[in-house]
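Just one chain is shown here, as structure tokens, and it is the form predicted on its own.
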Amino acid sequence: MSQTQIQQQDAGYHLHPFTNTGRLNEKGARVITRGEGVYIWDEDGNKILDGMAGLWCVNLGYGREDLAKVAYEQMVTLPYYNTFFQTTHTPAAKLAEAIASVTPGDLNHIFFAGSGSEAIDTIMRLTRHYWAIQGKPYRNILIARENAYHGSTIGGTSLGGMSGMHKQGGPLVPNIEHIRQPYWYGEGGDMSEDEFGLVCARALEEKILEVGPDNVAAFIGEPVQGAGGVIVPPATYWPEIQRICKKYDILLVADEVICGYGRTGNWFGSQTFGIEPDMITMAKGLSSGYLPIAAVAVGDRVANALIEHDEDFNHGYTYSGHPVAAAVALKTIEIMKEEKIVETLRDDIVPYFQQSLREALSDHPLVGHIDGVGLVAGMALMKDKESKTPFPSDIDIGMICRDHCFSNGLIMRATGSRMILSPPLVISREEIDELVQKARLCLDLTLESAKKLGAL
């Protein structure tokens, strides 16, 4: 089939996620045909450096035959069986143990799901169920943050703090509250980073007191807010959040769907920021994006209560612990250990990536500030960086930059006026050099476009 035929087929039958379908159909979707390492190719033969690792997930890069081989071998052995009805299978049992070997603290009990959104829904139900079996069903309020992303199911949308998503598909799940995000560059004003971090964290205590401490079940947050624009909290933020949760005996949940499996320079973002969560969600990097799989790692406090309670936990999914996905995830963890992916990131690639970005891009007229930790970064594009003046709402500077990137061999995601990078963890120094060189070029082209539109 020609590219035109594929685009016509796509327009005729395919509804895309987070997309204005009518506009896409007029334009025609870009057809991606293959991937290798940190690169993908489209139908026109253009080689593109994937600075987003798919959707934050292809950590080991494209084209890993060892992962494909494991998937094939498992498919011909046992392509599917469920983990309902008091059954298990080897891939699920082995993967649960492998996950427990890399999770921090006592997060040794693993519940499987098929996506990050399903993992979040599991957290929401499990948290409220935990308090119910403790004899406190009234502890059912969940607190999250504005501009947080926790998936796009009704549960995940309700828990997340993105107003644009809240406008569609309501009514939302009740008994969910939101507090301010720890975005120092955009909202800190004259406060120092450390001072602002404490102010944002103490907003949690204010909300707890507002709704009543005996009514709150948990606080749930991403170690780094990913889809919200890569918001890296000040160093003071998470320790204060931890203190407040312990003070009021509130469960602390880390959404590690993006931050897990090496993205922040450790196995989990909780380790990077010194968080001691009662539960964590994971997906994406768990299988390097090769097959859909997710999990919730549950600490002893919640797990033991569940185990000791003589009643079924009436929750689960058809594909919980899917044997093929589990086999690929198990091999992914094995590869990360054998190839010392996390150690190489921490000692070499992460420092080089973060330093290269700042050296190459910080002085650009459009770049107001660069946030980053591990192998993830976000850049704020400003009309006037000195006065922190944003572009007017009728100039979608982020999408302008994103389109220039795609046209010049780089995928860099736009979230509003913030540009996001999250390349595969296997990226080399030379490929980082290529990435920042292309990013600089695309920022220059974006600057020219802004001038032509009269925005500067």
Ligand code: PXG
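Note that the coordinates shown come from a computational prediction; the quantities given were computed from them, not determined experimentally. Don't overthink the numbering: it's just position in the shown sequence, from 1.
Omitted from view is the form predicted in complex with the named molecule, to which the following refers.
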Check whether Lys284 has any heavy atom within 4.5 Å of a heavy atom of the named molecule in the predicted complex, and answer yes or no. yes
Interface membership of Ser320, the named molecule in the predicted complex, 4.5 Å heavy atom rule: no
Although the named molecule is absent from this view, report whether Tyr39 comes within 4.5 Å of it in the predicted complex, heavy atoms only. no
Give a yes or no for Gly116: in the predicted complex, does one of its heavy atoms lie within 4.5 Å of a heavy atom belonging to the named molecule? yes
The unique member of Phe268, Tyr149, Phe111, Tyr130 whose heavy atoms fall within 4.5 Å of the named molecule in the predicted complex: Tyr149
Candidate from Leu126, Leu252, Ala227, Leu357 lying within 4.5 Å of the named molecule in the predicted complex - any heavy atom: Ala227
Pick from 102 to 110, 170 to 178, 332 to 340, 253 to 261: which stretch has non-hydrogen atoms within 4.5 Å of the named molecule in the predicted complex? 253 to 261
Where, within 36 to 75, is there a heavy atom within 4.5 Å of the named molecule in the predicted complex? Residue list please. Leu55, Trp56
